[in-house]
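The form predicted alone is given below as one chain in structure tokens.
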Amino acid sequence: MRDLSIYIHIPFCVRKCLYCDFLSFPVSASGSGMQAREMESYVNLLEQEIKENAEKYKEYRVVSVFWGGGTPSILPAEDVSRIMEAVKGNYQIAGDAEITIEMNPGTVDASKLRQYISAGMNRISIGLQSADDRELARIGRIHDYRDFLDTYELAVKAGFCNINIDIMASLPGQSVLSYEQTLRTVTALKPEHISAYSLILEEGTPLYEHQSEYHFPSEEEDREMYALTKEYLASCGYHRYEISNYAKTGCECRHNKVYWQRGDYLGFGLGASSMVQNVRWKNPDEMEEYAVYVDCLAGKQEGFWVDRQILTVQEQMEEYMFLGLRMMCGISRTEFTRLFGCRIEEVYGEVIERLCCQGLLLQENDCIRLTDRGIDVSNYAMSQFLFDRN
């Protein structure tokens, strides 16, 4: 029986953050009027898509489910439970499956959190980003630090014992000292997992379009924050297992590791991506097209086709390298040979030797991984494993 992971996309949020380029759009937190009907319609489509796909995956065992968005916790808890029932009723769920839901502070209460646990969720991810209220306001977050703390305390009281907190560096107006204070504040809570990202200005977002109006940390300050993250989180007992992710022992995010290790995953919902046995496809990202797509799955309509890309062996090798090297454990020579039927040196020998000479790559027995210096220039190092670098 093959392992399978499931991603569920909820595109709704209270308000888009100024840096956000995800497939999401704001709705009323109260879910009134037309917006409530839109969410109800979406939940119906999502439930139908989950059920219509099930027959093809009877021989798979689901090892993780991840609810992302948007803000999944904006949905009524009854809808979340209903969708989870569709998953559990149509797929084989491993007894120790990791089931995660993302949430923003202030979008849950004690009752909703208890319902999540009843629905089978055992991991939550809370988007804090910063413990400084001024920094939160500058990036358009819907909450302040007190809202976050209330949400965190409610989650712990409800019984969640596997919690991730998202934080961000290089925010407008942020200093090394204020970022260090965020690190200290978050680690004092002793969550099981911390995701620490640097802000990326994405074209088309308000923050990108108005960046001249903000003061951003310098490159030197950005490097200081990056180094501080590694050193301080290590001193607090969090081991770095991926470029931007830190965890207590045994609390690595199983779902995200599926992506980095090229496991099989199904994406349900608007714009969700899937990859199963080296075939990749993506759902429509317009609501009307998504509705037609789901109707086609159910046999109610004909003629809608989602493009499927069958990955070539070269594309599989490229992904194996540049995704696997995101992890601190690196990639395995033995696994490469098992997957592709040849030694890694036959394909990448010259690249590996050159990056080792540059101090960016390290070989240790069966393992090949990035050095600290290699992680600092990871985009360059990983790009060297693309067959067509021109």
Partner chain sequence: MAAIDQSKIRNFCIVAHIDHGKSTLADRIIEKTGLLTSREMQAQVLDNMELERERGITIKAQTVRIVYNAKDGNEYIFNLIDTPGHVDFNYEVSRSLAACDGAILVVDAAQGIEAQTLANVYLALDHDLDVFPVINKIDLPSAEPERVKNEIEDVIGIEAQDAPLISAKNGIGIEEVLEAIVEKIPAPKGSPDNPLQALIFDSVYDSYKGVIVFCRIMEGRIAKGTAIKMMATGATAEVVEVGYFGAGQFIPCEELSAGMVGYLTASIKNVKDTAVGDTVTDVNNPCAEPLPGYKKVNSMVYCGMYPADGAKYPDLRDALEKLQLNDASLNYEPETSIALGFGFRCGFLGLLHLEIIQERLEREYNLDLVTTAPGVIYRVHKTDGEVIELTNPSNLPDPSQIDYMEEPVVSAEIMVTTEFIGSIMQLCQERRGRYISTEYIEASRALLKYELPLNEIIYDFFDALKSRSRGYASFDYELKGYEESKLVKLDILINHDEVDALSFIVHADSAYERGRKMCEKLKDEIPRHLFEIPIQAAVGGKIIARETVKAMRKDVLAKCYGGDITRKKKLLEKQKEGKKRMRQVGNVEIPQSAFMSVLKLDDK
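Just so it is clear, the model here is predicted, and its values are computed rather than measured. Numbering follows the first chain given and starts at 1.
The same protein also has a form predicted together with its partner chain, omitted here; what follows describes it.
> Heavy atom within 4.5 Å of its partner chain in the predicted bound form: which of 166, 289, 222, 109?
Replying inline: That would be 222.
>> Going by heavy atom distances of 4.5 angstroms or less, which of 160, 268, 91, 265 would be at the interface with its partner chain in the predicted bound form?
In response: Partner contact (heavy atom, 4.5 Å) among the options: 265.
> Are all three of 197, 273 and 282 close to its partner chain in the predicted bound form, meaning a heavy atom of each within 4.5 Å?
Replying inline: Yes, each of 197, 273 and 282 comes within 4.5 Å of its partner chain in the predicted bound form.
>> At 4.5 Å between heavy atoms, is residue 378 in contact with its partner chain in the predicted bound form?
In response: Result yes; residue 378 sits at the interface with its partner chain in the predicted bound form.
> Any chance residue 187 has a heavy atom within 4.5 Å of its partner chain in the predicted bound form?
Replying inline: Flag for residue 187 set to no.
> With the cut-off set at 4.5 Å between non-hydrogen atoms, does residue 260 touch its partner chain in the predicted bound form?
Replying inline: So residue 260 counts as contacting its partner chain.
>> Within 4.5 Å, heavy atoms only: does residue 226 come near its partner chain in the predicted bound form?
In response: Yes, residue 226 is a contact residue.
>> Looking at heavy atoms inside 4.5 Å, which stretch does its partner chain contact in the predicted bound form, given the options 121-129, 290-298, 178-186, 252-260?
In response: Partner-contacting stretch among the options: 252-260.
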